[in-house]
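The chain that follows stands alone, in the form predicted alone, written as structure tokens.
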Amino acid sequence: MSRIGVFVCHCGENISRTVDVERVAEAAGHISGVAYATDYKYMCSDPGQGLLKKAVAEHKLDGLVVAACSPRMHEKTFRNAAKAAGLNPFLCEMANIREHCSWVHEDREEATAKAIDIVRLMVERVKKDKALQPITVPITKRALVIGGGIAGIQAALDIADCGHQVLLVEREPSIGGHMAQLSETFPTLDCSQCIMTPKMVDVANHPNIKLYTWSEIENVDGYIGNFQVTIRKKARSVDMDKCTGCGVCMAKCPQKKIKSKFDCGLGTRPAIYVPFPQAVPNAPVIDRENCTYFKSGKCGVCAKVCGPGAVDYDQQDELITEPVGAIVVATGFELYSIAEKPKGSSIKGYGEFGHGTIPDVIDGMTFERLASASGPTGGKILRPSDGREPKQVVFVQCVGSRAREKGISYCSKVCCMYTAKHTMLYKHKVHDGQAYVFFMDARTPGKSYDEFWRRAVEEEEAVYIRGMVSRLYQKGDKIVVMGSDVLVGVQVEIEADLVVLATAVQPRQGADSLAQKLGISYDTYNFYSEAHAKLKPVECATAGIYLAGACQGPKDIPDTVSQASAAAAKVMTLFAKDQLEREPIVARVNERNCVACFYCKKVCPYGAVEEKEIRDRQGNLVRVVAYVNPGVCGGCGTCQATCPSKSVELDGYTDEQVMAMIEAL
């Protein structure tokens, strides 16, 4: 290419504050092969793209360099503009002079000189570019949703309602997630079960949804539009096709004193159980760890009393492989535990709160089960230790959240609101009771949220104390809460009957392991990372995988439902096409040089490398070489870096291009 155009962007002041963009454009005009160079305030804007298209036509440009921000932001934008101007889009390259230059330098002269160098090397790269053609691959129009909470349910229903098949995988015996445990929801105080149960039933009855409960993701292979997912369907020891949900097995089970996980250990359940009465599916599962039959080989009562003969002690885990085109991850959250942390954990425990050994110090979810009409106390607020009604309750906010010394620096977002809700629920049930709240500050970023919080203070007469709790300890049948009121400047001691801790929202256990199976990134806390915080908030860097709900970060129910529908919309956009166009940045093998060591096959994370037989005209096998399937290749370049005979090159990143960039410096 001999007629290259260079377009330097000011990016408002993001670049021009540190880099002299006019001088960069002027210097670019003197680089060999550059026929046109200019600068503009916002190159990504419509006028900026119009400027690029006009220059291609007027100056007969055959290659483009846009010196602006990261290619992750706008490479597609400028390549589309190049295509509209009649140029092959892969003859357009971006020189990153924002993240790689202006944002990391303060000296204007040094930053300008570096920006000129970056533009120079990208010009040399463009000279070696080749006109590439997009790769088309078929799309499997089935979606996988991982997680059966409100996020997973909403995403699954939205996709299914558009006529596409959905596989909904939930690792618990029933869908519903944490929302099914709640008593009421803020800011409307409507019953959680009333708004949740109909959606759960809709999932069970939807003809386009295939429900896998008591199941986990074992493995994920493939790429956008063509994933192969292996699901481990754990043995329930109950044949769901035969089970009628009559409940006789649960009523007759002699082992009934197992702590209920759904009721946060406040209530008990039998060894064969459904988590809660409205569970979907309404078929029990046998807890093999606590079942007498599986521990000693004795009992077997549930099998004897089951009329349809649904109990099957010999049932084994089953591995099922399903093809899907897109994946929505909605694995939800769990609450920080104040119990003593195991050795080696980066998160420190709350020894000052008794390490979880004081029975009347509970977390917010446990309080929800106390307040719920379907809970173990029938909706009565009672102390776990002795069943008495507490007359003074202390709520402590930010336990784990915003606590750098404990290893968690983020805000859990929902705690201020659910604590305000808890003070209301308490006052509605214990009219002569008094609620105290220790808080750092109130964060109420939602519609009608601030009004709801003020209602707790002004109408329900909850006493808010601005300060931190330093220690609490048992004193007879009371819990002494020691803290400070920073507004008044005094130390505070309250003898409480019950203490409720607003503990931090964390990702579900095993979130990092699932991320590794999916090939998506996650942060230091194991929350899943979106592709771009503003422009791609529900997409992962791995194409075809989308995020919904609290697996990405702490969220309330409205935000969770909104994000779930957004993820579903992305899936439906993908499924609107019969074939997917993929960038042709894929590896190719020079068959003449290939020595068939197949190191490339061993290291390929996408499974794109195959063994290809080369035969003569008579059909005799001459040799075997490596072959890269362009539909599967993810363009990572690992094979190119590994190949000892230098037989593999990545289109768009050839040795010739890289060497030209190095020589330009």
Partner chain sequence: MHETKEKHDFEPKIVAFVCTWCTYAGADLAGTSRLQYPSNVRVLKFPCTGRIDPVFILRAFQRGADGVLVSGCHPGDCHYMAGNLHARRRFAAFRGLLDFVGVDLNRLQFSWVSAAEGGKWVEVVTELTERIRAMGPMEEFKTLETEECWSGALATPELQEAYNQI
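Just so you know, these numbers come straight off a predicted model, no measurement behind them. Numbering follows the first chain given and starts at 1.
From this point on, the text means the form predicted in complex with the partner chain, which you will not see here.
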{"property": "Exercise: P605 in contact with the partner chain in the model of the complex, heavy atom 4.5 Å", "result": "yes"}
{"property": "4.5 Å heavy atom contact, V21 to the partner chain in the model of the complex", "result": "no"}
{"property": "4.5 angstroms heavy atom contact with the partner chain in the model of the complex for L121", "result": "yes"}
{"property": "4.5 Å heavy atom contact, L51 and the partner chain in the model of the complex", "result": "no"}
{"property": "Interface stretch in the model of the complex with the partner chain - options 617-625, 630-638, 22-30, 52-60, non-hydrogen atom within 4.5 Å", "result": "630-638"}
{"property": "Candidate site H100, T642 and I662: all three near the partner chain in the model of the complex by heavy atom within 4.5 Å", "result": "yes"}
{"property": "In the model of the complex, the residue from E451, E318, D239, E110 that sits within 4.5 Å of the partner chain by heavy atoms", "result": "E110"}
{"property": "Selected contact from H105, R455, K233, R588, since only one has a non-hydrogen atom within 4.5 angstroms of the partner chain in the model of the complex", "result": "H105"}
{"property": "Residues within stretch 534-563 having a non-hydrogen atom within 4.5 Å of the partner chain in the model of the complex", "result": "A541, T542"}
